[in-house]
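Single chain ahead, written as structure tokens, the form predicted on its own.
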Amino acid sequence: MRILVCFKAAPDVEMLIDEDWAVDKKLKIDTSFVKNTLNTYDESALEIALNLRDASEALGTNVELSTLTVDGGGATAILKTLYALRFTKAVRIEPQEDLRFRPAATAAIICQYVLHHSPQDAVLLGRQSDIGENAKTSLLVAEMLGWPCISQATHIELADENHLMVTHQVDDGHIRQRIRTPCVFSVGDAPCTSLRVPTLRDRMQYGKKAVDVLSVEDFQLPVETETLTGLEILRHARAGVIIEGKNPAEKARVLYEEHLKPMLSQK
């Protein structure tokens, strides 16, 4: 079974200070100096794929893992790590234009890669990325491929060469189904949210393979109906009060007299 996992590396914006949030004329924020990371959805999708490969050894079924990202050079370190985890193929598609908020374009690239470059039996994607958070890409990939899509997948098991047992979340609980491939899986709040760490030996033996780099010019992008017109920072600051006092007892008295007692008297 051939399984493709698609991910989106995103800069760790928690490392930015207020002065770094400066939007330039191209509606971008300079994040070249911060580390690129994976979100929990993408980590879960990658770890689920590795678990499927591990299980295939006991069942005598061959599972071939490959991974794909549409990103610049910032994703190279992550792709090298996935090679060290013994993914068979790691591919990066170099964008020539801004695709941050263009899920249809990203989905079209993934679809064309599967149809024309590397046929697959299953495609796994994290539910959404930290950039855009549109949660559309996996659904659009399934629509373009003409495959069924299982959303909010939390657990996937190998049934046989052509079927997967999938547990996915619905409004009132979870459903477990036997799914025939090919299929697209959108991974949601899975319990396995952390990607395993490769050993130093595996990094030395497998992690030095060259990443396959393709140009976005080899793919046909759809005409976009939506364009990015602006960016602004969402402030999540909360009001706070610093209670002054000579000792803990005095601070506790001030807390009660000036803050808790008035609230209790209103009830």
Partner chain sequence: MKFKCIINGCLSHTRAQAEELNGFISRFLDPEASDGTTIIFYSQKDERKALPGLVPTQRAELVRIDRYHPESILDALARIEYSDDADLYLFPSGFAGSEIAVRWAFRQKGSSLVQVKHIDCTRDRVIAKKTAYVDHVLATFRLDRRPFCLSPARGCVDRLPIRARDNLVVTEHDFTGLNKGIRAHDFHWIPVEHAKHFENPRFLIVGGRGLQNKENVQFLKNMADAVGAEFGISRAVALNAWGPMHRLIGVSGTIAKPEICIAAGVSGAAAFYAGIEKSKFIIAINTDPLARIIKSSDVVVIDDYKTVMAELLKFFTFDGANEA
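For the two forms, the rigid core is made up of the largest set of C-alpha atoms that agree within 1.5 Å on superposition. Keep in mind it's a predicted model, so treat the numbers as computed, not measured. Positions refer to the first chain, counted from 1.
This next part talks about the form predicted together with its partner chain, which is not shown.
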property	result
Close approach of Asp171 to its partner chain in the predicted bound form, 4.5 Å, heavy atom	yes
Any non-hydrogen atom of Arg127 within 4.5 angstroms of its partner chain in the predicted bound form	yes
Its partner chain contact at Leu231 in the predicted bound form, heavy atom, 4.5 Å	yes
Contact test in the predicted bound form: Ala237 vs its partner chain, heavy atoms, 4.5 Å	yes
Candidate spot Arg53, Leu82 and Pro95, all three touching its partner chain in the predicted bound form (heavy atom, 4.5 Å)	no
Interface residue in the predicted bound form among Ile242, Ala210, Ala58, Leu200, criterion: non-hydrogen atom within 4.5 angstroms of its partner chain	Ile242
Among 86 to 94, 70 to 78, 145 to 153, 115 to 123, the region lying within 4.5 Å of its partner chain in the predicted bound form by heavy atom distance	145 to 153
Is_shifted Ile242 between the shown form and the other one (CA, 2 Å cut-off, rigid core)	yes
Core-superposed C-alpha of Leu231 shifting 2 Å or more between the shown form and the other one	yes
